[in-house]
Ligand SMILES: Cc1cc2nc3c(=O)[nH]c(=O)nc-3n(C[C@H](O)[C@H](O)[C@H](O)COP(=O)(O)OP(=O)(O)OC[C@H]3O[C@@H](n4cnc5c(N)ncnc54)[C@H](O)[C@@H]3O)c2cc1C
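The chain below stands alone, shown as structure tokens; this is the form predicted alone.
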């Protein structure tokens, strides 16, 4: 590509997205749909996030609105097409009553070679298992809820603007995160390609293996009026001695993006670009009602991908674990599948706060064993895997011995959830921070992804509408920053319940009332929480987000039969049980 073509449509864009996750790609789509130019910068190439999302219905309605706005503004010649020339419609690829779900290959659906499938799966089973002990003995209460009914077509009138209302509502779809992200990315790529091929000024430009220049003052260039001029560099990525390293691509030159009217940083929960602009997050504290006052909202989970037919199911479980003093702690598990796909069985299990997973404490290695040694790490992995399968067996109702033979494509991996938020989303006269980069909470419900994709991105649509009505850029961006903060505050209020309360938040307010009535859960009750041992557990093995790209396959069988029915009795009922004195938080 010639230099002038390579940079065509790049200078001084209306919108610059730093990070191409769901938040920023939806923001780019709203930008283009309102008649403005967008440039996106991402350093990791194509989307790869393997987790499954529980998706609120508003995203489907928003995709339908983008389809309509694009068609009305640009006509059939200005809308991306599939490989056969037919219009590429985001909402139709996402979900349709005339198509089915299953083993999804996103690109074949987007390209049009698989017209019979859509990307998401519907949720057909909604189950809540309360396995907490009562009166010193194990007890089980099962609540089976009516699954949400998907709409038969997107309806812009059904898009909600209150994020608390969105997040308090039930999840309607389930999908692999990377499949949804690929849909957004491919749509943007096709806009870019069709514009370059036609000779028109590109509405979209994408730099997918690039980053803002990291040299101080050379990437974010401060202007006298408080705006930032932004320069980026091409990257070469390599696996250097077991970790990902990125360096400037040999022989490449810095690309001057110029001064965007608006730029948004949405690069995940730990954004280096946001920090360089002075942005800081603070921990969010929650009072668990246990007499200790507010403590940092945090929890540790193990995540794994089992090849088990969980199917279109959202199953939540809460159970009791007891420390050596007999104090009760509540732990949660969630099983998420994909409709008609036996290779998708995501199970996330919470680790009790008092459990350290220390191989020395467990007696698997002798005192003084080097934590950096292979022996220590092998023992640690054994502890993690054994605990994970025990919890999976209880939530899936499958014997642990059977799960040991099942193929695992990922994990189990330890992840920490720490609720954090910034004070102000405005980081420059022309720049804001959004998505998890601004604030993040409990990820069991996919609420963070939904807040960014549905909430923060729609605020960008509001920005352009405000500008069209005569609002100045300074006024519009201030309103945008406040709106991002408002959405995130709503998310953190909803999210905080997951750290201490028994009821799950993504079943919806009405369903929570049903669970409360069926199980007798006291909504005022709170769980015990501790802090010190969690920090100790973190010291055993650092968390690395790049692990999503390092699949470690435990080869085995695929369980394609439906899960067995839920047993009416507590799993501990078949084991010798010692009555425990109830200890209330």
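Given the structure is predicted, the values throughout are model-derived calculations rather than measurements. Positions refer to the first chain, counted from 1.
Although not depicted, the form predicted together with this ligand is the subject of the following passage.
With the partner omitted here, the residue from 459, 211, 420, 89 that has a non-hydrogen atom within 4.5 angstroms of this ligand in the predicted bound form is 211.
In summary, among the residues 266, 484, 120, 306, the only one with a non-hydrogen atom within 4.5 Å of this ligand in the predicted bound form is 266. Mapping the unseen interface onto this chain, residue 446 counts among the residues with a heavy atom inside 4.5 Å of this ligand in the predicted bound form. In the predicted bound form, no heavy atom of residue 339 sits within 4.5 Å of this ligand. Taking non-hydrogen atoms only, residue 52 approaches this ligand to within 4.5 angstroms in the predicted bound form.
Interface membership of residue 345, defined by any non-hydrogen atom within 4.5 Å of this ligand in the predicted bound form, is ruled out. Across the options 556-564, 27-35, 53-61, 66-74, residues that bring heavy atoms within 4.5 Å of this ligand in the predicted bound form belong to 53-61.
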